[in-house]
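One chain comes next, on its own, written out as structure tokens in the form predicted alone.
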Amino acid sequence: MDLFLQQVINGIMVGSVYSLVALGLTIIYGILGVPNFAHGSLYMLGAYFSFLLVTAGGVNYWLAILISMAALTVIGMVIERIVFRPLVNAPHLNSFIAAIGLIYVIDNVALIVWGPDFKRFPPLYDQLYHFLGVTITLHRIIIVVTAVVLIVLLELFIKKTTIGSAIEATAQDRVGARLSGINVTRVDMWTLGLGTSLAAAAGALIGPILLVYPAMGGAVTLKAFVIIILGGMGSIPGAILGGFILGLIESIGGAYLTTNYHEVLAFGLLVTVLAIKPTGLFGKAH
């Protein structure tokens, strides 16, 4: 029983990171209609930026997370401006190829700048807590709490701000939003920046637990797509729930089977859900 509870706690921690990454990806897809395959590479940049700020710059960890999110917001906006905006009226395949090309550009730039070596954060919050036979570090608690806070702040941002309302209106009806005076081009730019900042937050939060290296975003991208398809393409609740479901299944399945089956479990879950509900958990048939 202790092992099961331990894996549930671990699964919630991993799931909260997955939810943040998938949340960013799903709002980008919901507005731009582009599956940004480079989302995991931007998550990697968030981890690197926070790592460098903490180790080389001596910056406080929380301030490093905020700076990384701000920097990746700008990078996301630049990517929208120079990569995706010129392709708005082109066939969707062009945007797909451009997104794949971004992976190679970002990952190889990271490889050239920081090298192939794995980086490790200095110890930050390693205090241990024991409860009902479960052991958990303070940093894992911080990850879950921070992810929940960011999800709530995102919801408030969308519901309570002018930009958020414009994003929501554009997601519901892009043509109608344009006719009502909303600058959808600006909404696209803000959306990619916002989604990228969530990926940066996820990378910065998980960085001190995992190693930081140029290829760390590959598996995360794959799982983020599993999550948003599982939850229903473009569905924010689906991305959040799907992230936690995948995290729990990976953690529990890894403990009772083997960690080598992570990808098998992820895709097995996806196939099972889609066989029962082809539109995903929260998706709607068109």
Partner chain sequence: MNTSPLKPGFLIPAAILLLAVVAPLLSENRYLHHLMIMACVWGIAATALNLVMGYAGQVNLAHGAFFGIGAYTSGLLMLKLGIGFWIALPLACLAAALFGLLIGMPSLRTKGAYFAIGTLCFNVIVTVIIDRWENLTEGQRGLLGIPPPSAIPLPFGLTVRFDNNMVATYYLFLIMLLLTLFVTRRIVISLMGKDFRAVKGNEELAASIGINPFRTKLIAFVTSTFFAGLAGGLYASYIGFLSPDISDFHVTFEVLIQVMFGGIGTMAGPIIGATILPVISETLHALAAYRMVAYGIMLIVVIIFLPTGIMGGLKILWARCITRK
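None of the values given here were measured: they were computed from a predicted structure. Here, rigid core means the biggest group of C-alpha atoms that superpose within 1.5 Å across both forms. Numbering follows the first chain given and starts at 1.
If you look for the form predicted together with the partner chain, you will not find it shown, but the lines that follow are about it.
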Taking a heavy atom within 4.5 Å as contact, would all three of 63, 71 and 150 count as contacting the partner chain in the model of the complex? no
To verify the annotation, which of these, 229, 236, 220, 245, has a non-hydrogen atom within 4.5 Å of the partner chain in the model of the complex? 229
Find the only residue in 141, 158, 102, 210 having a heavy atom within 4.5 Å of the partner chain in the model of the complex. 102
Of the candidate stretches 89-97, 188-196, 202-210, 125-133, the one with residues having heavy atoms within 4.5 Å of the partner chain in the model of the complex is 89-97
Using the partner position in the model of the complex, report whether residue 270 sits within 4.5 Å of the partner chain, counting heavy atoms only. yes
Applying a 4.5 Å heavy atom distance criterion, does residue 175 contact the partner chain in the model of the complex? no
With a 4.5 Å heavy atom cut-off, would you call residue 48 a contact of the partner chain in the model of the complex? no
Is there a heavy atom of residue 183 no more than 4.5 Å from a heavy atom of the partner chain in the model of the complex? no
Residues from 104-121 in contact with the partner chain (non-hydrogen atom within 4.5 Å) in the model of the complex: 104, 105, 108, 109, 112
Please check if residue 17 moves between this form and the one not shown, taking a CA shift of 2 Å or more relative to the superposed core as movement. no
